[in-house]
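Only one chain is given next, in structure tokens, and it is the form predicted on its own.
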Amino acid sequence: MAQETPGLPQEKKEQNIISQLLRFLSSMQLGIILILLLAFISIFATLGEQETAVQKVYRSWWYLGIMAFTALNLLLCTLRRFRPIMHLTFQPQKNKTASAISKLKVKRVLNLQAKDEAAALAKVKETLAQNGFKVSQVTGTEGSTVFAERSAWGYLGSLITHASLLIILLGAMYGALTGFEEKNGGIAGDNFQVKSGGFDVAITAVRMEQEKDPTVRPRVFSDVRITKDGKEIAKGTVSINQPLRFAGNTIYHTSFRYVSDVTITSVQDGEKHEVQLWDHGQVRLDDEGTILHLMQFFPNFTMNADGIPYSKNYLPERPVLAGLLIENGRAVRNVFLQLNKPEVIKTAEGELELLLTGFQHAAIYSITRNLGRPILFSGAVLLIIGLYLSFFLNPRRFWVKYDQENAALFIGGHSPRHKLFLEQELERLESEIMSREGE
């Protein structure tokens, strides 16, 4: 008498739970929900500041967790569909009985006058081959079957698309985990350290090129030299749409600023201080709370009828540095420093003479590292291929069987999409085959 195995039902139950879990994790419905969730979060994140979006969303643990869960779904979905799709693409069932062909949704029965099977099938193969089909003939227990297929690579479209999305997600995750983004800049002669990258950037030159229309924002070019541990690792020119890339890092030129050279002279004792002032910066004029807050630099200063300052264009014909004088936390008056025209400001410690002696152009950079970029590029290329195979290739197959007794051809076709197109194509093939019968 056979012994009972009490553990078997429990094992089956556990296997069913695991099977259901894997089926859920690999379901296309779950994948669509996760991708839509990522899309909505990304749209919401782009409505805010870029730096905030990068730090608080794209590199957050919960966003990366959703990406990882989506990647797992795509991986399981791809693995689940891999063998069936590969078998469908490269190992199709070439032999079908007349009964099986008659059960296809798209089929025809062609009644022939001649009763020569070899001649009939030869004309069918010739017709299919001339229409771009790959034709073969197989013999089974119920006679010969002509098998024809076209654009079979289209069956791989969904599989390649799933794989490409998986690669893109993995590339994005890898880039987020290993990458960084910093902002910095300066004038010619400045240098700064990129701590996240472990290298230094020296700005050797900054130059501006005016457009033919001076009201159009000019282009600013800057020459930079990259060093690490005292050794030069890269150098080049950076401008808008012309970044410098090296060792997975990228230096983008995001904007330019004006840096004003101002001399501050004490009227009482003649003591001078030379300072470089940036837009939106500030300079303390005494120890009693008198501050000059810099608002904006105007290369070609003027005012409108309402007394609002603006720049006619980008030509440096009338440079003015506009600021706001603040005393003890209260705005007192506007200050406009014109080139080589001194402005006297009274402070608690005496009078100060401010003189704008010149200005320079400063380049502002965004320094990023995204080691996942090659992976993202590969995934994008693969995605294009997958979408092309899915939407622009129409895989279809035809089976043809000759009925000796009734002198008839059973023709049936199958395509995963475009059924109407398949019916029209079969109708055209039927017309060509019948026209060849009299030859």
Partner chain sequence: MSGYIPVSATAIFWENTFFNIASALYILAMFFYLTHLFGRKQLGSFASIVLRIAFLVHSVFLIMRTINLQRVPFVGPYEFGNMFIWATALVYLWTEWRLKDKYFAVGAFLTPLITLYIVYLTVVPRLIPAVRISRLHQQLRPVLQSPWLKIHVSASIFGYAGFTLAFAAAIMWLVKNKAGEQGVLAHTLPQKNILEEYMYRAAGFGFLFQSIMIITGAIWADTSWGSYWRWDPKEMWSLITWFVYAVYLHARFTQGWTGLRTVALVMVGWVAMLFTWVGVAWLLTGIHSFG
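Positions refer to the first chain, counted from 1. Bear in mind that the values here come from a model prediction, so they are computed numbers and not experimental data. Take the two forms, find the largest set of C-alpha atoms that superpose within 1.5 Å, and that set is the rigid core.
Beyond what is shown, the protein has a form predicted together with its partner chain; the following relates to that form.
Participant: Thinking of 28, 35 and 63 as one candidate spot, does its partner chain come within 4.5 Å of a heavy atom in every one of them in the predicted complex?
Facilitator: Looking in the predicted complex, the three residues 28, 35 and 63 all sit within 4.5 Å of its partner chain (heavy atoms).
Participant: Only one of 125, 361, 228, 312 has a non-hydrogen atom within 4.5 angstroms of its partner chain in the predicted complex; which is it?
Facilitator: By the 4.5 Å criterion, the partner-contacting residue is 312.
Participant: Could you check which residue among 288, 213, 142, 351 gets a heavy atom within 4.5 Å of its partner chain in the predicted complex?
Facilitator: Selected residue: 213.
Participant: Please determine whether residue 113 contacts its partner chain in the predicted complex, using a 4.5 Å cut-off between heavy atoms.
Facilitator: Residue-level check for residue 113: no, no contact with its partner chain.
Participant: Decide whether residue 279 counts as a contact residue for its partner chain in the predicted complex under a heavy atom distance cut-off of 4.5 Å.
Facilitator: No, residue 279 stays farther than 4.5 Å from its partner chain in the predicted complex.
Participant: Using a 4.5 angstroms cut-off on non-hydrogen atoms, would residue 387 count as touching its partner chain in the predicted complex?
Facilitator: Taking the distances in the predicted complex, the answer for residue 387 is yes, it comes within 4.5 Å of its partner chain.
Participant: Taking heavy atoms only, is residue 253 within 4.5 angstroms of its partner chain in the predicted complex?
Facilitator: Residue 253: yes, in contact with its partner chain in the predicted complex.
Participant: Where does its partner chain sit in the predicted complex: which of 313-321, 262-270, 103-111, 194-202, heavy atoms within 4.5 Å?
Facilitator: Result for this chain: 313-321.
Participant: Going through 411-428, which residues have a heavy atom within 4.5 Å of its partner chain in the predicted complex? Please give them in sequence order.
Facilitator: Contacts from 411-428: 416, 417, 418, 419, 420, 421.
Participant: After a core superposition, would you say residue 412 shifts its C-alpha by at least 2 Å between this form and the one not shown?
Facilitator: No, the C-alpha position differs by under 2 Å between this form and the one not shown.
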